[in-house]
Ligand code: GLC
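Below you will find one chain, with nothing else, as C-alpha cells; this is the form predicted on its own, and questions on how it binds or moves follow later.
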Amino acid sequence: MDKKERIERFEHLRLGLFMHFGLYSAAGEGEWAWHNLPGVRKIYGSLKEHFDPEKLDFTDILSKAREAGMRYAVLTARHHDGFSLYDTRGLSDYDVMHTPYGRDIVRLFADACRECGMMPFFYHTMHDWQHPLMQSDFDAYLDYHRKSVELLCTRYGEVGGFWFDGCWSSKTADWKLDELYSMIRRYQPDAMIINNTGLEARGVVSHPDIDAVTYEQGHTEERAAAAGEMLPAAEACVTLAHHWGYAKRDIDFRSPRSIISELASCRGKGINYLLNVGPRGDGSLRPFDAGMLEALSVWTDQVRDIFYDAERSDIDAGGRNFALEHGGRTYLFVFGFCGPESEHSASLTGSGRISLRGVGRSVKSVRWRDNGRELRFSQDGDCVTVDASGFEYGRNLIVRVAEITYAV
C-alpha cells in the first residue's frame, strides 16, 4: 500500500473514537493532573499500587462506538505521565503489568477492536514528564521511546496507525523523527503516522512522512491542493467537556447539537472526526459519554449507507449546507432546522427554502432520508429551489439529509 492508498483508506473511515485512559483516570482530575496539581502528583505512586479497572470492557465500549458510526479507535497506550497500558517487557516497571490489574490493556483493546470491526490506533506520547532521561540524557530517552513504540509495532498485529503527541513541548529539540518513522514503516508499512501539532499549530504538516494533520478541538478549515500536490489526510480531535481524561468535577459537557453539527461540517470538508471519551478509573463510561454515542447512532442511521464512500459535490448549497455524491445521486446535508412541524406549532420554524446552484442535471425527486417524505422543488437550468419541510413531531436530527435523484 503506497501513501496515497494509505491516506484514502483512512479518509474513508471518517469517524473515530478517542479514549484517554490511564492512572489519571483513577485520580479523576483530568489527564494533566500530575503536571498541574501538586496534590495529585504526591499520590500518583499510590494510584499505580491500586490500579485495577475491573469494569473495563472494550467490547462493550467499541460496540457502542461502532453503532454510533465509528470505524476506528485510538487508545492512549502511554500518555505524558509516562505510565504504559502495555507490557513494556523490561523497559520499565512503570506499566500496567506492575499493577494489581496485571493485564495488558493495549492487547485487550486491539483484540476488541478486531472483534467489533474497528481499526486499532495507538496514541503514544513523545514527551514524558517523569522519565529521568528526559532531562539528563535526551538521546538515551529517545532510544527508550523508540524501543517502546517498537513493542507496539511488533506485538499487537496490524495497527491502523500511530498517533503521537508532545513534540510541541520543545520546538528546538531534535526528536529524531526520521528514525522513529522509518522504524514504524519497517514493521507496519500500512499504518498511518500522525503527530499532533497542538492547539497553536492546527493543520501544520510537521514532517514529510506525516499521513494526517491534526485539528485539536475541532477548528477546521477548507483545504485545497495545488496542481499535482497530494495533501495528507486531516483529522479533528475533540472532547465532550474540557478534559481528555476523566475529570469528575468537569460537567461542562457539549451538546449533541454542537457535536453533530461539527461532525457533519467536517464530513463536508473531507476531514475525519475523532471524538474522545474518558473512562472512569474503574474502566466504565460516564452515562453522558454513553449517551452521546447513542445520540450519534440515531443521527448516523440516516446516512450509514453513504457516509463513508460518498464524495464531495460541486453543487453550491449555500451557507453551511453541502452536498455529497454517491451512486449517481446527490445527498444534501442541511443545517439550521430547529423546530418541528406539528399541529401545535404556531409557526413552522423548521421550514424554509434551499437554493442549489450548479446542479447540472434534471432533478427527478427530492426526499428526506429520515422519513422518506417527498419535497416540492422547482428547477431553472442549473438552479434548483427546494421547499424544505421541518421535522415531524417527535424528531429533531439537528443536521438533516435529503436525497436527490435525477431523470435518466
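Quick caveat: nothing in here was measured; it's all calculated off a predicted structure. Counting begins at 1, following the sequence as shown.
Just so it is clear, the following notes concern the form predicted in complex with the ligand, a form of the same protein that is not shown.
- Each of 18, 123 and 196 comes within 4.5 Å of the ligand in the model of the complex, counting any heavy atom.
- Heavy atoms of residue 138 never reach within 4.5 Å of the ligand in the model of the complex, leaving it off the interface.
- Within this chain, residue 289 is remote from the site of the ligand in the model of the complex, having no heavy atom within 4.5 Å.
- Contact check for residue 163: a non-hydrogen atom falls within 4.5 Å of the ligand in the model of the complex.
- Using a 4.5 Å cutoff between non-hydrogen atoms, residue 244 counts as a contact of the ligand in the model of the complex.
- Between the options 74, 105, 323, 237, the residue in contact with the ligand in the model of the complex by a heavy atom within 4.5 angstroms is 237.
- Shown without its partner, this chain lists 168, 181, 335, 253 as candidates; in the model of the complex, only 168 has a non-hydrogen atom within 4.5 angstroms of the ligand.
- Looking at 38-46, 24-32, 365-373, 61-69, the stretch with residues near the ligand in the model of the complex, meaning non-hydrogen atoms within 4.5 angstroms, turns out to be 24-32.
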